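Below you will find one chain, with nothing else, as structure tokens; this is the form predicted alone, and questions on how it binds or moves follow later.
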């Protein structure tokens, strides 16, 4: 059996490769299994996708226990590494955030995404406190014997004061500080333009995660720009729900079922997505 530490090392190695890797974000077991079956080497959880699927808005309105139970169900059904989005950590101080990450490790996750956006979503958390959280989480990974991959997200491009240039400078300043505090990868939320991506990557000089959104360059261009990790964010759940909306509109307005039936999986395929994938057997002596 592949251990959690081994999965963490596998996930860490993806960030050190010379080419970027795409990281799909799942919101439940079936979506995670679809991504695994498609051949992705790792899967991330989508905080917004999970929370909304359980009837909560994105943020930290959902009870931590309920959120991490959903993460656990995903991890238990996959053989590839899973990294968990823990939003702002479900707590004000480092102690509460460490407890959240400790619980995430107990689910079997091998990485976390920790953001500096306030739970209310209306501003940035103080830099000093965020650095303390990252250092504490880094130490937790060492103590647990799990090479936990810490992806530090900053929302400075949206919420820092000033004009766009000042916001980019603040995103770079925070990303550098997060890296020095122990983050393995930095994630500037909202970074899309090729010129700004190049500026950011050149300034921080560490693995950078960008999120798929309208206007993002293709993987080949992101490789040239030096990006290492390309996450879906909630994009796949947007796309899936957009399809459901179009299906409803077609049936209601046209009385036809083309979108509902074309490209759909079968009942047996659906049922199989609930069954844990067996990891490959270890090679013999």
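If you're wondering where the values come from, they're calculated on a predicted model, not measured in any experiment. Positions refer to the first chain, counted from 1.
Another form, the form predicted together with another copy of the chain, is not on view; read the next lines as being about it.
Another copy of the chain is not drawn, but in the model of the complex it has no heavy atom within 4.5 Å of residue 223. Taking the partner from elsewhere, residue 60 is found to have every heavy atom lying beyond 4.5 Å of another copy of the chain in the model of the complex. When another copy of the chain is considered in the model of the complex, residue 9 lies well away from it, no heavy atom lying within 4.5 Å. Shown alone here, residue 252 lies within 4.5 Å of another copy of the chain in the model of the complex, counting heavy atoms only.
A single residue from the set 212, 125, 146, 98 has any heavy atom within 4.5 angstroms of another copy of the chain in the model of the complex; that residue is 212.
Contact check for 66, 237 and 242: all three have a heavy atom within 4.5 Å of another copy of the chain in the model of the complex. Using a 4.5 Å cut-off on any heavy atom, the residues of 231-270 that reach another copy of the chain in the model of the complex are, in sequence order, 232, 234, 235, 236, 237, 238, 239, 240, 241, 242, 243, 244, 245, 246, 247, 248, 251, 252, 255, 256, 257, 259, 260, 261, 262, 263, 264, 265, 266, 267, 269, 270.
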